[in-house]
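Consider the single chain below, provided in structure tokens and representing the form predicted alone.
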Amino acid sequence: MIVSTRGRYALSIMLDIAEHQGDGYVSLRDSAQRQKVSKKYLEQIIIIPEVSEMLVSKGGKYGGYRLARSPGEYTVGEVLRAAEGSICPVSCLEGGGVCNHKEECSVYPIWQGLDEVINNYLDGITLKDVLDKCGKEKI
């Protein structure tokens, strides 16, 4: 499994919004500057339907984005799945693991176990956990 730049920046923007939303709505311009990435790229991530559902937006001069829930209610796995669509280590596990050869496949259980480890690990870490570990939470 390789997390794309889209997944990495989706997680980064969610963390940035979580860290700074205590100051009000977080503008993409400010977030892009802090992350040293283009605002246009962040705009592409924010419009992914699964990502945009995690946020509340407000237009205008003091507009921007806030998390729809508290940082402790979002897991890293949830954010990555929203941006990536899937975080399965192999394609035969995607879509509920529908594989015509899994009964005779000797390595299928290995991929199932790896998928379980990945999901348990990523779903066991919240945005709040990451911010707390870095000493960055302001809200």
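This is a predicted model, so every value here is computed, not measured. Counting begins at 1, following the sequence as shown.
One more form of this protein, predicted together with the DNA, exists but is not displayed; see below.
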In the predicted complex, the residue from 35, 112, 27, 70 with a non-hydrogen atom within 4.5 Å of the DNA is 27
| query | At the 4.5 Å heavy atom threshold, is residue 77 in contact with the DNA in the predicted complex? | reply | no
Exercise: residue 59 in contact with the DNA in the predicted complex, heavy atom 4.5 Å: yes
* To do: May I ask you to check whether residue 64 falls inside a 4.5 Å heavy atom distance of the DNA in the predicted complex?
  => yes
### Query
Does residue 47 make contact with the DNA in the predicted complex, using a 4.5 Å heavy atom cut-off?
yes
In sequence order, the residues of 2 to 28 that place a heavy atom within 4.5 Å of the DNA in the predicted complex are 4, 5, 6, 9, 26, 27, 28
